[in-house]
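Here we start with a single chain on its own, the form predicted on its own, put down as C-alpha cells.
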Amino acid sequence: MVPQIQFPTLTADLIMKYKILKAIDISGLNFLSPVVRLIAQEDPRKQLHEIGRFIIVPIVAFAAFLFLWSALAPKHRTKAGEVPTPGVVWDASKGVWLFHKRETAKADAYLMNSAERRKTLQQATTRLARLDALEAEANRQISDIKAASKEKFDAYVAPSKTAYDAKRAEFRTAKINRENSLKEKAALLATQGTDARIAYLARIRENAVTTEQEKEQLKLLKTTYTEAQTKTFPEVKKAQQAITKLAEERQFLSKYSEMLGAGSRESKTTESESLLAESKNKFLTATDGDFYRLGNTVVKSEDLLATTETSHYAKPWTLPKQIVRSLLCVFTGFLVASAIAIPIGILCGLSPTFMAAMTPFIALFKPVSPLVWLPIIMIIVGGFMPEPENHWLVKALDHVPILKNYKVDPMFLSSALTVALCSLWATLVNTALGVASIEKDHLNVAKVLRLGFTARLFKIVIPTALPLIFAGLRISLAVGWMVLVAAEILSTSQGIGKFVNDMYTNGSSESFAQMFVVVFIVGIIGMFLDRIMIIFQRLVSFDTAGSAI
C-alpha cells in the first residue's frame, strides 16, 4: 500500500506572509523580507542576523556619514560661508517648504470670499500685533547676548591680532634697515670694481627674496586674524536667526493681510465694478463733451472688470512646483526616447543587416554629453518656434488641464528632447538584445502556424523581450533624470536645475544650504523612480531572481 503524503495546510497567516513577501520581492525591497519572516516566527536567529546586515548596518553607515559631515563641514570656508552641516541643511529644507506654504497661502487669500476673508484677516492682524512684542523681546535678548559674548570674542581675536601687528612692525623695520644698508653700499660702488658690483646685485636679489618671504608670513598671519574675526558664537547666531524669522513672518503677514484686504480679487472686482458704473453713468448722462473718449473709458473699464474677475495671484515658482515641472519634463523626454528606441531596437533584433546599419550611429552618438546636445536642440527648436507665445503647439498645450500650469515653452521642449537623446540608447540596445535572444524554435512554430508579421510581433517577439526592454527603460529613466538637472541649469528652464542655478547666483550661506537640500531631493526622487521601474521590470519577468539594487 502506497503511503499518502500529508501536505501542510496553508493558514490565513501563512497566505498573508507569502503575499507580503511576494510584494516585497516584486518591489525590490528585499531588505524588508527578514522583518516579515521574523514577525512570522520563521528562524528568528537567522532573521535577526539578516536584519542586522541589511538594515542596521546601512543605518549605522549613514549615521557615521552624517557625523563626519557635521564634524568636517565647519572646517572649510567658502565665499558663501561655511559648508552647511546636516542640521543647517534640514533647517534650509524647512525654510524652502515654509516659503512654498506662505506663497500658497497668499494665492488662496487672493481668492477668498468675504466672510472667510474677514475672519482670516482678523487672525493675521492679531498675529501682526503680537509680533511687535516678540520682536522687542528678541532685540533685547540679542543685545544682552552680544554684550556677554563680546569679551569672549575679544579674547579669541586678540592673540592673532597681536601676533599680526607685532610681526608686521618687525618686518617693516627690518625692510627699512636692509634698504638703508643697500643704499649706503650703493654710494661706494662708483669707486669699486666689477666683483663688488656683482656681489651688490646678489644682495639686492637676496633682499627681494627675503621681502617676499616676509610677505607670505604676513599673509598667513592676516588669514588667521581674518578667520578669527569671523568667529561666531552659537548663542548669538541662534538669536539672530530668531530675529530673522520674525522679520520674515512680519513681511509675509503684511503681504498676506494685503491679499485679504484691498488687494484681494473680490475687493478689486468691486472697485472695477464701481469704476465701470461711474464711466457708464458719465457716458449716458453727458450732454456734451468728448463722447469718443468717454466711450473708450467704458470699454476699457469693461475689459478691466473681465480681467479682474478671472485673475489669480502671481505666485512665484517654488521648489515643489519646480519639482513637478522637472518630473513632467523628464517623463516627456522618456516617452519620446521610448517611442524612438523600442521600434528601432525591435528592428535591430529582427534584422542583423539593420543592426549593422545602426551600429555606427549608436557608437557615435551614445557618448555625446547633454551639454553638447542642448545648445544644438535649443537652436533647432527656436527655429521651429521663432515666436513661442504665438506658436500653435504652445497655445494648444496652454489648454491642457495639468500642463497649462507649468509653462510648457521652447526651453521645456529643449530640455525634454535632450533627455530623450541622451537616454534612448540603453532602451535601444536592451530591446535589440532581447529580441535577438528569442528562441528560434518559437519563431519556427509561428511560421508553421502561418502567423503574420504583426501577430508574431505582438504575440511572441515583444512579450518575450519585455524583461530586457524594461531593464533598458529603467536605465534610460535614471540617465534621463541625471541629464535633466544639467539641461535645466544650462537652459534656465523652470525646474530643479533653475532653482540650483538661482541659489548658486545668489551666493548666500542660506542658498548654499538649499543647494544641499536639492541634492537629497534629486536622490530621493531618483530612488523612487528606480523602484517604480523595478516593479514593472519584475512584473514582466519570467524568473524569480532578485532585482538589482
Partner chain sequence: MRITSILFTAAIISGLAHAEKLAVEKDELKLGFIKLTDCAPIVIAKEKGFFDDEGLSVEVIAQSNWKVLLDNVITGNIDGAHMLSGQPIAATIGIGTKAEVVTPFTMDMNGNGVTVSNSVWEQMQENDPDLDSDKPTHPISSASLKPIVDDMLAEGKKLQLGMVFPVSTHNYQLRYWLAASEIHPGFYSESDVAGRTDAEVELSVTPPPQMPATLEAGTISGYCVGEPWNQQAIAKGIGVPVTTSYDIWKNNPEKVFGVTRKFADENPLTLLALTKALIRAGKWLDETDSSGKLTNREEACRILSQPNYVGADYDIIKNSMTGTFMFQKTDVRDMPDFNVFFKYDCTYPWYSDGVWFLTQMRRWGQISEAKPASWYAEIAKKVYLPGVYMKAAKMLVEEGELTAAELPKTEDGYKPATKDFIDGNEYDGKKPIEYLNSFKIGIKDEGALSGK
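Here the structure is a predicted model, which is why all the values come from computation and not from measurement. The term rigid core refers to the maximal set of C-alpha atoms that superpose within 1.5 Å between the two forms. Numbering follows the first chain given and starts at 1.
Although not depicted, the form predicted together with its partner chain is the subject of the following passage.
Residues of just one listed stretch (403-411, 333-341, 183-191, 351-359) have heavy atoms within 4.5 Å of its partner chain in the model of the complex: 403-411. Checking 94, 150, 395, 118 for any heavy atom within 4.5 Å of its partner chain in the model of the complex turns up a single hit: 118. Shown without its partner, this chain lists 449, 363, 202, 314 as candidates; in the model of the complex, only 314 has a non-hydrogen atom within 4.5 angstroms of its partner chain.
Proximity of residue 271 to its partner chain in the model of the complex falls within the 4.5 Å heavy atom cutoff. Its partner chain in the model of the complex comes within 4.5 Å of no heavy atom belonging to residue 376. Taking the partner from the other structure, its partner chain in the model of the complex has a heavy atom within 4.5 Å of a heavy atom of residue 506. At a distance threshold of 4.5 angstroms between non-hydrogen atoms, residue 247 is in contact with its partner chain in the model of the complex. With the core held fixed, residue 266 shows a CA shift below 2 Å between this form and the one not shown. Core-superposed comparison between this form and the one not shown: CA of residue 373 displaced by less than 2 Å.
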